[in-house]
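Starting off, we have a lone chain in the form predicted alone, written out as structure tokens.
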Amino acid sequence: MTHTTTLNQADSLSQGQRWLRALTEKVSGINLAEAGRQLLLPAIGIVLFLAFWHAAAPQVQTSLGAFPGPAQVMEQTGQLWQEHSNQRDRAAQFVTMQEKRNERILAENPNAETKIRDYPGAPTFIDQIFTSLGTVLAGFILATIIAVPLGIIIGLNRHFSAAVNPLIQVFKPVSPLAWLPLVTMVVSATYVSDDPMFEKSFLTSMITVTLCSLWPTLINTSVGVSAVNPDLLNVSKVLRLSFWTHVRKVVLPSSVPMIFTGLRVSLGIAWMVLIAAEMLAQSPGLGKFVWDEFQNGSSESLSRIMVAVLAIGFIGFLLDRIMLLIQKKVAWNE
């Protein structure tokens, strides 16, 4: 009897193992198929786009020649990177030369004043990318600092919401092309200093970005706050939570998804607005790079502009993905 029971248990265990193995293989197969589909379909789309671009580009003739295809754009990408590397080498040599000169001066006169000047060369394409990123992040952070608290107040107070809603609807659709001249004049008139902390061009672009990008965050925050579950509001009233505790423990956790949706939209708008502002204001950055290449009018200009266009799109995509990861992290912590 004991032997029979043992055999039955072993048989049941064996069947369980086979069933578990089959289930694991099935799940793995599904996961592999899904992962393959997620990778394969975008790859097919990219390949088809490149093929169409390669075939259609030579058919478009401009005053500077045929529209650049993928091969020409890749060639200019490498050229721009090489120019950046050469520029960095020259900058390092320039600093080294000054350091040696300062050593000689100090050897002759230990009390002499020495300094290291920045390399005077023009910024490269890579430098312009980092300049634009710094400007857009500064403008976006300033917009967030303004929009989120104001959106919370609007969402919590229906009277204040009714008062400011007409202003939001009026200023929300204003183009950066309209804001830029006003911001330029205000910055020029008010930001006067013999030793400025920031360049006026940076402030002009940053403030323009802020004015154009804060509205989605403001609106989404107010909508998210006003849509908090009434039961949670009643619990807060019963517990007699203070205003700040109510906002921190009840309002913000419930409205985080809407707030981050607004932040993602605002960041995308900020990036688009910045490029236009840099082109018009001739501020350092990718926008100015595009405008300078357009004005240059060389045979390589179209390819270089296309490199900038692809870089702008790719950076915008990365910024959105980063914001999405932050949203998931914050929502998980909540």
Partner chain sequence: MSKPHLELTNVQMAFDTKDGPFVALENVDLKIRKGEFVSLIGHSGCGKSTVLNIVAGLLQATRGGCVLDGHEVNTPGPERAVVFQNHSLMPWLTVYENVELAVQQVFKKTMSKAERKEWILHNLKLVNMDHALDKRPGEISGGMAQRVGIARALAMKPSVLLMDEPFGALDALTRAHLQDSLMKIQQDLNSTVIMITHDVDEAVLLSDRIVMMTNGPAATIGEELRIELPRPRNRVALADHPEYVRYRQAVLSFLYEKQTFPAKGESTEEQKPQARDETSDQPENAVETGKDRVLRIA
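Numbering follows the first chain given and starts at 1. Being a predicted model, the structure only gives us computed values, none of them experimental.
The protein also exists as the form predicted in complex with its partner chain; that form is not presented, and the subsequent description refers to it.
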Partner-facing stretch of 191 to 199, 231 to 239, 92 to 100, 69 to 77, counted where any non-hydrogen atom is within 4.5 angstroms of its partner chain in the predicted complex: 231 to 239
Of R88, R104, R158, K172, which one comes within 4.5 Å of its partner chain in the predicted complex, counting heavy atoms only? R158
Which residue among P149, P253, G134, P181 has a heavy atom within 4.5 angstroms of its partner chain in the predicted complex? P253
Considering non-hydrogen atoms and a 4.5 Å limit, does its partner chain approach A227 in the predicted complex? yes
Is it the case that H84, even though its partner is missing from this view, gets within 4.5 Å of its partner chain in the predicted complex, heavy atoms only? no
Contact flag, K249 vs its partner chain in the predicted complex, heavy atom cut 4.5 Å: yes
